[in-house]
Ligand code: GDP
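Given as structure tokens, the chain that follows is alone and in the form predicted on its own.
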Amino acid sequence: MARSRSGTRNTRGPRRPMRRGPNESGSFHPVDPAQRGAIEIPASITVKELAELVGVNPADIIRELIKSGIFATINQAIDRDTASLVTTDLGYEVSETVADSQAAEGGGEVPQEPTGREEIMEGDDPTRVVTRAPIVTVMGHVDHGKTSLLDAIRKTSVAAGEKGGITQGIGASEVEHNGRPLVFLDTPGHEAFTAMRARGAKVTDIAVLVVAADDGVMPQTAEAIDHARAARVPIVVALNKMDKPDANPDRVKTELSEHGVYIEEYGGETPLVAVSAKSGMGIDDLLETILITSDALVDPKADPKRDAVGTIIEAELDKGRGAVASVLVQTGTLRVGDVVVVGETFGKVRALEDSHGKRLPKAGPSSAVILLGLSEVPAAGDILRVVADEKAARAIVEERKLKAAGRSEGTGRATLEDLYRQIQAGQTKELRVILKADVQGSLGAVTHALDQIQTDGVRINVLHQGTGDITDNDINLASASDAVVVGFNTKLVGTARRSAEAEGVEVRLYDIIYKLSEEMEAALRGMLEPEEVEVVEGRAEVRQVFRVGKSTAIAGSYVTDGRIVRGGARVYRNGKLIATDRIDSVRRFRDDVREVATGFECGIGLSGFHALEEGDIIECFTTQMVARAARS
């Protein structure tokens, strides 16, 4: 029988926490104070009993106690004066008469949601599924001990540079606790976690949120919370650095509640485990808590007898072995000799290896292995699927490449116009927003302005907000969540603009709050009038002209600036514009490609102009629709 995190025997089995957001009441249905009669409170009552007596969630009682500086657990007793004060603050009337016998006659037991839900992937045979190892991602603020915690879990010293452990070159750690396996993804952080989700890879079952007990909730902690929520995965809090003399767990718990993470100790749904990666304290409790959470909330299943489906964790080109990819098998069994399709490439599995280079004949669900045999290097987050043969694989890849080519001028993953059409069709009731502003004061003002907007039952849902420039991470989260990015007095930095274009994410920048509010409301009403603007993507110099037939020419070119993609084109000769056309094809060697970057050669085919000469400059441009007052 499992033991709880406090060390006592758990006789109830895993409990499914209530699903409740920070402004919701979970399974409870609060009674209107105006309709509730005077409440009689006994001389002593536990937090849970008081919540049942009043008819509110225990978390509401605990929050009011925290405001008064009282940190009580759900089963802790409080006196009548304290209970009366809390009840009054919640808007209820307290009777002058005390009736101890009525203390337990509140609202009865809280209805519990069904324990556990099976997560079976499409294509799995329900009669053959078995429980697989939960897949866990560790997230949190920098320097809060994510890597050290993983090291402690693996009982290795990867952070110190020593070789060993499951993770070497494989991107995932397979560990065992009480005879049960768990898989930890070794991602650099929630950026990679969200980037993989943006590509459609639902890899993670549980997110472990690492918070330093001596530092508390920091900006990246809050960001990690938003990312985990957007992925709809359960959170387990690992309260790290509990060995430090200035550790203040009560402060951290309060800060977590301010960010909508209510821990079980205070009547919420999120388990918290005190750990020390340095001393190893609480590591076993953390692993057990993850397993309990997996059993209660995820119950991951897989069909080991079907063709494998997996996700690329990382990949690289090895000069001696070709494309080398780390694969996390999620369902089915991957075997040597299987033909697989991965993103826009395919291949025959030539070899499977574990982290120590040992050859394996096969890999089952929740296994992390190195795969050899792909024709090209895939991207992290690409989905791997076993197909019948190479002919089928080639057909699938060609179709994907054609679709990708068609999307190169795409309309965007979640433009305001597209969202309006979804709203009209009844497919969505919210506009999801990633919000960035220059300073905290601006952020608060913009958030307040967005909160006031609601049109025909459609609301604006700010999935994540923060200060500073718009980064790749913001774009990835927006892409994964079908959200738009709204910036106030800020800008896109680094490769964020390219990422937004590649992922089809709409970014709108403002410097006047009322303009921002007007356009967001107009978008919900479908009245936004976008403006078409031109963006120069790149330039290429024609090095050689290849004649195809009597009238067609392909320009063998070298990209000198930016990138070349399908879209508009202008041809310059000796500095003068001689033609405006469209780029119909972009090729590298014999393959059609979506784009070619600076410093590479390619073949460019124009739609109508074929009188090309060596030395001509082809300028590539695209058009984008942006808000008239929000042009970046």
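Note that residue numbering follows the sequence shown and begins at 1. Since we're looking at a predicted model, the values are computed, not measured.
Although it is not shown, the form predicted in complex with guanosine-5'-diphosphate (GDP) is what the next lines describe.
- Shown without its partner, this chain lists Arg132, Lys146, His464, Lys253 as candidates; in the predicted complex, only Lys146 has a non-hydrogen atom within 4.5 angstroms of guanosine-5'-diphosphate (GDP).
- Out of the listed residues Thr471, Thr82, Thr345, Ser276, Ser276 is the one that sits within 4.5 Å of guanosine-5'-diphosphate (GDP) in the predicted complex by at least one heavy atom.
- Heavy atoms within 4.5 Å of guanosine-5'-diphosphate (GDP) in the predicted complex are found in exactly one of 146-154, 357-365, 335-343, 261-269, that being 146-154.
- At least one heavy atom of Lys241 is located within 4.5 Å of guanosine-5'-diphosphate (GDP) in the predicted complex.
- In the predicted complex, guanosine-5'-diphosphate (GDP) sits within 4.5 Å of a heavy atom of Val142.
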